[in-house]
Each structure stands twice: as structure tokens, then as C-alpha cells.
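To begin, one chain is listed below as C-alpha cells, in the form predicted alone.
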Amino acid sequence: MTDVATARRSRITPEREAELYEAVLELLREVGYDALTMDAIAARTRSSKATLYRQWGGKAELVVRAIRYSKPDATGDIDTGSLRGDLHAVVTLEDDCTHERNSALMRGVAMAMHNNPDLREALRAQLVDPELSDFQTVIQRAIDRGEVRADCPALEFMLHMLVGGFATRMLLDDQPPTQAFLTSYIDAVVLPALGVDPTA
């Protein structure tokens, strides 16, 4: 399925694809997932609806691809020599303005996915699974360095902890997640849970 989708998308230029993804994200921020229509995307991007369906199959795939496009793609490649350094580096891949926009975007999409199985499936395949794989690479390096025990019970919840801190910042504090907040959260919550001394 992914190979077919990639082949379909290869018919448009990378520049056109980037332009289209940016427009989809703009619309998503303006109206939310449920009110977003392929007609509106077609009008905003000066595309035919038939072309959009041919390239992406439907709204869920197009929206998730656009979100994936907007995210930095280097988490698994980060290797600073320590888990603390790696996690802090992940946080600094995006500036505070981007963190704030992405937080609002993901809140809206997370609410919508409860009633949209196709969106949930696309999110899992295109965002969640790749991020899990990237973080497993980061964690495996930490295990290999002897920073984290391979049998640490908190390991399977690391991504839950990171996403939780990011997602609940606005809910609990009425403030967007910032680099300062996220790095402090990593030092105070995530690293101690993994048995890592953030001051070492």
C-alpha cells in the first residue's frame, strides 16, 4: 500500500507536494479535521479533487502525510553520546513557535481520530510507528552505552511520557510547550523514570 501511494505521489514535483502540504496544514489549523473537505483542499491548492484522490486516496492519508512532512525527520540519527543530550537535541529540532503550532494541531487531530478510524490508522502507520522506531534507536544506544538497564520497566512508557508532557502543557498550565519546559520535563520526569541521573 505504501509503495503504491509513493508511486502515485511521485507524479508531482517535490516543490508542488511541499506547497500542497503547507496549504493542507493551514486549512487544518483554520477549520479542524472534521470540517476540512477535499473540495476546500482542492480550491486552496488549485488542484482537482480527482487528482488529490488519485495521489493520496483520501483526506486522512493526505492530512497525515502533511503532518509528517512538517515534522523533523532526524530523531533516529541524533547521537550526542548521552541519552540526556539526545532527548534535549530532539526538543531543539523545532523552535517554540513550531512547538506551539504543532501542539494545537495535534490536539485537534487527536480529538478527531476518535470518530475517524481511517485517520487513526493513518496516524499510526505514518507518525506513531516511525516515531516509536526512532526513539527505540535512541534508547538502544543508551542501553548499549550502559546508561539504561535493558529491563527497566519504564522503557515501554518513554514515548507516553514525552507525548504526555507535550500534550498536557496547554491543558494543565494554559501555556504552549516550549523548549525550556520540555527539557526541564525530560530532566525531572523522563530521565529519572529510566534510572538516569540528569546531573551526571
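One rule holds for the numbers: they count along the sequence shown, beginning at 1. Predicted model, so just to flag it, every value in this text is computed and none were measured.
Just so you know, the form predicted in complex with another copy of the chain exists too; it's not on screen, but the next bit is about it.
Chemist: Between Ala43, Ile143, Met170, Ala50, only one gets a heavy atom within 4.5 angstroms of another copy of the chain in the predicted complex; which residue is that?
Modeler: Of the listed residues, the single hit is Met170.
Chemist: By the heavy atom within 4.5 Å rule, which residue out of Leu62, Met38, Ala154, Ile139 makes contact with another copy of the chain in the predicted complex?
Modeler: Of the candidates Leu62, Met38, Ala154, Ile139, Ala154 is the one lying within 4.5 Å of another copy of the chain in the predicted complex.
Chemist: Does the 4.5 Å heavy atom contact test between Gly108 and another copy of the chain in the predicted complex come out positive?
Modeler: Because a heavy atom of Gly108 falls inside 4.5 Å of another copy of the chain in the predicted complex, the answer is yes.
Chemist: Spell out, yes or no, whether the shortest heavy atom distance between Ala125 and another copy of the chain in the predicted complex is within 4.5 Å.
Modeler: Flag for Ala125 set to no.
Chemist: Hey, in the predicted complex, is Glu30 touching another copy of the chain, heavy atoms inside 4.5 Å?
Modeler: Yes, Glu30 lies within 4.5 Å of another copy of the chain in the predicted complex.
Chemist: Look up in the predicted complex whether Val148 has a non-hydrogen atom within 4.5 angstroms of another copy of the chain, and give yes or no.
Modeler: Flag for Val148 set to no.
Chemist: Check each residue of 132 to 146 against another copy of the chain in the predicted complex and list those with a heavy atom within 4.5 Å, in sequence order.
Modeler: Contacting residues: none.
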